[in-house]
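This document opens with one chain alone, in structure tokens, the form predicted on its own.
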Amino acid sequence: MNRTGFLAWPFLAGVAALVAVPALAAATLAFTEFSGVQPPRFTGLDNFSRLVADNALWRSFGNTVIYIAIAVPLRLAAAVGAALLLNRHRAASTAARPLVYLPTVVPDVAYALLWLWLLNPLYGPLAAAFGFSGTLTDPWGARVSLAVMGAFQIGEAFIVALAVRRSIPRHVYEAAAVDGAGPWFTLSRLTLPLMAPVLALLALRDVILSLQVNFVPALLLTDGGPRYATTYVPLYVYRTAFRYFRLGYASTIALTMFVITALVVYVQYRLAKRWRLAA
């Protein structure tokens, strides 16, 4: 074994202990009735039959789809916009890049509590300055507010978008300028089409990310409300497992979401392979 492989063993051991073993245990519990107190009881596919008829689960899945439909375009637009702006003004790029990345490294709980203060309908600064009193008490206000929160955590997508923009040869823009192309034509007909393959992968990556990052804001800011408008699938799984002590059924939901995520990753792989062959 070479030196690099030897140094990777602590990381691989951590992944096995913290990811692989719990995932295997959850996959096993998905076929059982388990309360966390009594021993698991094998029930076969009963949990999957219950999943199909669970209206509360489908409502949480619909809420998750709405979150993705709002958050993913916002995150992608913010990442691409910041990348294009800082690529154009390279003198300010060195100082601004850490500021763009900063919300991504803030702990999720601290970030959520900051937004809880900002969006508080009674004494929050947004309510005081603009009169936004329904951001967390109205169903659609809460949905939009939680999606907007994620639009600032764009660190990885911003770095990728900036790298892709800077990889476009300069002579392409010089030729367009010679032909009299304006800024809008250059953006819509050159920059975005050339960045499109990577932007599509970033969008798929954000879809997967959105299945995870909405848990902490929904738990701390709205507790799944108002009127279950922000009860997303991760929050529903958490409540099912640790509030109602139905760990077997919660594992079934988690396994189903894992399969859906795997399908999205497979689509991403196929798209990347096709664009790679086309290139």
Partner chain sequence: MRKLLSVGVAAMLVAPLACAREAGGDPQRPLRVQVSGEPEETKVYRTMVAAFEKDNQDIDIDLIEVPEKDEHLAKLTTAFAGEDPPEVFLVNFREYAQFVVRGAIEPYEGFLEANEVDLANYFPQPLEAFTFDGRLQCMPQNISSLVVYFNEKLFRQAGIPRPRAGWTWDQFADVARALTKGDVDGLGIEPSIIRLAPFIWSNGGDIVDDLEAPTRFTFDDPAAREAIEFIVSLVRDEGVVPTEEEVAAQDLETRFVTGKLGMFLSSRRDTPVLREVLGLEWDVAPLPVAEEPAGLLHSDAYCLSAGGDPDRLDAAARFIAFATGQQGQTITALGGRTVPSLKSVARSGAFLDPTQPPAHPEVFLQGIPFIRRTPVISTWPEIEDVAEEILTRAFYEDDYSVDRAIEELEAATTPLFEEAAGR
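What you see is a predicted model, and the numbers here were worked out from it, not measured in a lab. Positions refer to the first chain, counted from 1.
Quick note: we don't show the form predicted in complex with the partner chain, though the next part is all about it.
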With the partner chain left out here, work out from 207-215, 250-258, 63-71, 220-228 which stretch has heavy atoms within 4.5 Å of it in the model of the complex. 220-228
Does the partner chain come within 4.5 Å of any heavy atom of residue 42 in the model of the complex? no
4.5 Å heavy atom contact, residue 241 and the partner chain in the model of the complex: yes
At 4.5 Å between heavy atoms, is residue 245 in contact with the partner chain in the model of the complex? yes
4.5 Å heavy atom contact, residue 266 and the partner chain in the model of the complex: no
Using heavy atoms only and a 4.5 Å cut-off, decide whether all three of 52, 102 and 125 touch the partner chain in the model of the complex. no
